[in-house]
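Here you'll find one protein chain in two forms, each presented separately as structure tokens under the names structure 1 and structure 2.
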Structure 1
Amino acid sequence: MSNLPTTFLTHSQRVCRLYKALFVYARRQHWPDKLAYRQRMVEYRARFDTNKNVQDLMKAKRLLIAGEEELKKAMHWHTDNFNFPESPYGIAESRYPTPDDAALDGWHPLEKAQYPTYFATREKRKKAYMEWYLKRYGVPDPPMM
């Protein structure tokens, strides 16, 4: 369980992590434009420097929580509406559709001979399904032309 925190973080550790997270966020936000990235980092650094000598611990904690909330709101695209690629609404959903079971009926007998127990069981199941279907729904009417 290495993902569980084993110790509490101090205030200065949380501030450092917030600062690093802001660096990462600014790099992602302004990726190709290094000038805009550096500008944003100078603004962040100025905000941190204005509050680095706060002696009141409650005020410092409120500032830290406000900064963490601001970062969380700014990164809303990353935390909300996340779908794994192959889950429903993911980008890879149904990318490789499962083939229909009827495709196995088109196999050559030499291919079927490589898996004799599977195809023997499959034939029994198909026969049982057809018996169940005819018992439940009856013989289907021929198509009218």
Structure 2
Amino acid sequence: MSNLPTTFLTHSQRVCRLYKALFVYARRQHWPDKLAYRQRMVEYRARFDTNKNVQDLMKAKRLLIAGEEELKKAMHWHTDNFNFPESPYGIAESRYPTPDDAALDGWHPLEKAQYPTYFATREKRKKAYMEWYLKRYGVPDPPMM
């Protein structure tokens, strides 16, 4: 979604995006060989640097589009995206969820007694919320089984 063109991209921004997409491509091609991956990236960098000083914007744009087409053709048969492990669709997504706040209600009274201020405020807030709920929505129905 973040790659949808919602803004106008300048030429240099497009070049940067192409270069970053090439990182993904090279990693896919050479994984897990990191040395080959770095070698490939150095080669790509050299290709970018040969055209660094092109002053003709039309020529620069043609080169950029040619590069994007080349990447598109090369990425064509890579169907799966690479996702970082803890990112959405990664292999460790939501592996360590944040414990629910209601877990604090299950504490032993002796444990709760170690934090008297916090639990006093918590009880007060819970009571206020229940009052607000009753005032707003009325007595709730019993849960369906």
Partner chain sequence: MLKTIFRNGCRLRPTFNICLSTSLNNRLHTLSPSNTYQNGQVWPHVFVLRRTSILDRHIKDAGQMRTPPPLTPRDIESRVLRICNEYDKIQEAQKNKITLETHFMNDLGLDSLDHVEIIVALENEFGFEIPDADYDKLYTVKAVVDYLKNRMHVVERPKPVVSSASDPRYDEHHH
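Superpose the two forms; the largest set of C-alphas matching within 1.5 Å is the rigid core. The first residue in the sequence of structure 1 is number 1, and each one after it adds one. Since we're looking at a predicted model, the values are computed, not measured.
Only structure 2 is derived from the form predicted together with its partner chain. A movement of the C-alpha atom of Cys16 falling short of 2 angstroms is seen between structures 1 and 2 when the two forms are aligned on their rigid core. Comparing the forms between structures 1 and 2, the C-alpha position of Gln55 differs by less than 2 angstroms, with the core used for superposition. Relative displacement of the Tyr118 Cα between structures 1 and 2 on rigid core alignment is 50.3 Å.
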